[in-house]
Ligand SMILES: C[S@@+](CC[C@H](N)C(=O)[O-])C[C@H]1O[C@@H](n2cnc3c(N)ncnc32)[C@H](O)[C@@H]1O
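First comes one chain, alone, set out as structure tokens in the form predicted alone.
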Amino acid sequence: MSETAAANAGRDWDAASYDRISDPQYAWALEVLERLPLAGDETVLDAGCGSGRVTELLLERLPRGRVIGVDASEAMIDHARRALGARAILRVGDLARFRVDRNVDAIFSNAVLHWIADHDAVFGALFAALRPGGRLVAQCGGAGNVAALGEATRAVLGREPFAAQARPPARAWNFATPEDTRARLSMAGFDDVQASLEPKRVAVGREFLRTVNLGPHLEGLPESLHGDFVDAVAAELGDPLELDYVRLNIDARRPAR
């Protein structure tokens, strides 16, 4: 469920903070789960399981099945292991390159895929992980996502003391269009492909900005400027502090034959 994956593998996530403040992602995950029919005995891959908060919901729906959780962040996986114990198989891994020992019945992913630069690679890996007839149900940031935040961040980075000390982020978001996503899923081999955008305006707090949205930029600034940078971006966004999220909903199936 986290906003993490291969493109963000080096980021030092504050997993406890994310688990505490990720109510918007949790709410979106509930909606994504409603699109994934389960009998209760399947094996499901949670692609980008984050702190395990939503993985626990998957486990509740699979009393006779199992969940494999993969996330690029070691801090997130450590948190999920403490929260879930032996109930889920949890791995640190790159979603664009990972492999499973046995194909899974379904793949669930929430607020993750926009962190991965190479969507061709990740869709190929997800296709390979599914059994024939298995479904991929996902949601991530799509075209136009948090556009106002991007403008505010660029404005703040253009001012001192940030301009003189900021390094470009090592990782960037990949907010894809539905058209590109449908084409890439089809190229990977999926059929019954659906992709569409859904706006989600969300009220957030300063900790949310710091933990979820501004991490790549904070990595490029001295730690002494982190608090001032978050405050400056929040002030640029104005009051009330809201973000113009746009979610990309994805549904696809690996052909049965």
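Numbering starts at 1 and runs along the sequence shown. Note that the structure is predicted; figures quoted are calculated from it, not measured.
Keep in mind the form predicted together with the named molecule is missing from the figure; the text below concerns it.
- Of the candidate stretches 99 to 107, 71 to 79, 140 to 148, 177 to 185, only 71 to 79 has residues whose heavy atoms lie within 4.5 Å of the named molecule in the model of the complex.
- A single residue from the set 156, 90, 116, 136 has any heavy atom within 4.5 angstroms of the named molecule in the model of the complex; that residue is 116.
- The closest non-hydrogen atom of residue 54 lies within 4.5 Å of the named molecule in the model of the complex.
- For residue 95, a non-hydrogen atom is located within 4.5 Å of the named molecule in the model of the complex, even though that partner is not displayed.
- Residues of 44 to 68 placing a heavy atom within 4.5 Å of the named molecule in the model of the complex, in sequence order: 48, 49, 50, 54.
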